[in-house]
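The chain below stands alone and is given in structure tokens; this is the form predicted alone.
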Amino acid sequence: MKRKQGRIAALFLLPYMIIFIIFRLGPSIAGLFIGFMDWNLAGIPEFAGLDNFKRLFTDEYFMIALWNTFKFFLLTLPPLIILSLLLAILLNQKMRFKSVGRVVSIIPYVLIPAVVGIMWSWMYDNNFGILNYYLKKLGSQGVPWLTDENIAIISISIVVIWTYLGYNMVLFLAGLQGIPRDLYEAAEMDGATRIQIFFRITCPMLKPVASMVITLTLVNTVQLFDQIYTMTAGGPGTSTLTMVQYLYTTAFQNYDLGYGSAIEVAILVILILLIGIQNKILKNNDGD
């Protein structure tokens, strides 16, 4: 009976596994091998050994892209944790229209990222954007949201926060609903204030969810591309150039597929290392 159930489950998983192997696993393995090649798409690939990977350590643009990606992570992580948690707490209360609030909060996440980028580009536009329109109504000269090197990365970070806020809220909301009510009732009977309950019960119980939010934010910022491509294409200058944007430019605009694949492998290794470091830090904190 168990074997029959296993076969039925395997049949249901088969279509997904075929798609995963063809469009995800296969290209990833191929990219690893191409990283050892010198290939400009037009000619025959030639074995280059570790030259493409050595080039990463001396590539100024790759280092800039790496640093910009890290800045995106630093700019988006605190708001995504704090705001999504506060929103989850609000929508977890007994209130009217809270179901509507939950649905509205998740809408930005289900939108196509390229559409989000185009929509915010119009809002950020220096001449007819709605944000500068109202700022000028208030007597301001407007803000060069996407054309100033110091402001562009903050502007895109706002878009990233807006996109993933609702999704993180759902995660925190699920965590809040998983906390036993007995703990809150016992704390209230002992005379604990709401602030004490929040920091001594809610926050410790939500540590696993917070860990997941940190991991997802890390993955999303490392893979950030659609908003960058549609809003700034890495500019002005290289102020918003990310690793995936640089990978796209190298492989599909400069046709340096060998080096582009090396960048892809480097992104994967960096992501694995950062997640491993994060998990180790969190485990050590739990042990303390």
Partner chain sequence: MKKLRGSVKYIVTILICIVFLFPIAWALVCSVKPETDITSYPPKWIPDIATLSNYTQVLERYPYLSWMKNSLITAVTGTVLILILSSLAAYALARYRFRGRKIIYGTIVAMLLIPIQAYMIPLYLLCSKIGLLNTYAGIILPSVANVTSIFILTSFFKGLPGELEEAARIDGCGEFRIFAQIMLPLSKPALSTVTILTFIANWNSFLWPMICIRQDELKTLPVGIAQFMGSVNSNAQFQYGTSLAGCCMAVIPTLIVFLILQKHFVEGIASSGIKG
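Numbering follows the first chain given and starts at 1. Whichever C-alpha set is largest while still superposing within 1.5 Å between the two forms counts as the rigid core. None of these values were measured; they are calculated from a predicted model.
This next part talks about the form predicted in complex with the partner chain, which is not shown.
Does the partner chain get within 4.5 angstroms of any non-hydrogen atom of residue 162 in the predicted bound form? Residue-level check for residue 162: yes, a contact with the partner chain.
Verify the contact flag for residue 199: yes if a non-hydrogen atom of it lies within 4.5 Å of a non-hydrogen atom of the partner chain in the predicted bound form, no if not. Because no heavy atom of residue 199 falls inside 4.5 Å of the partner chain in the predicted bound form, the answer is no.
Could you tell me if residue 181 has a non-hydrogen atom within 4.5 Å of the partner chain in the predicted bound form? Answer no; every heavy atom of residue 181 is more than 4.5 Å from the partner chain in the predicted bound form.
Can any non-hydrogen atom of residue 226 be found within 4.5 angstroms of the partner chain in the predicted bound form? Heavy-atom contact with the partner chain at 4.5 Å: present for residue 226.
Just one of 154, 74, 112, 203 has a heavy atom within 4.5 Å of the partner chain in the predicted bound form. Which one? Result of the distance check: 112.
Only counting heavy atoms and a 4.5 Å limit, does any residue of 199 to 232 reach the partner chain in the predicted bound form, and if so which ones? 209, 212, 223, 225, 226, 229, 230, 231, 232 sit within 4.5 Å of the partner.
So with the core overlaid, does the Cα of residue 276 end up 2 Å or more away between this form and the one not shown? Where the cores coincide, residue 276 shows only a C-alpha shift between this form and the one not shown that is less than 2 Å.
C-alpha of residue 237: shift of 2 angstroms or more between this form and the one not shown, rigid core aligned? Comparing the forms between this form and the one not shown, which are aligned on their rigid core, residue 237 does not shift its C-alpha by 2 Å or more.
Would residue 63 count as moving between this form and the one not shown, using a Cα shift of 2 angstroms or more after superposing the core as the test? Residue 63 C-alpha, core-superposed: shift of less than 2 Å.
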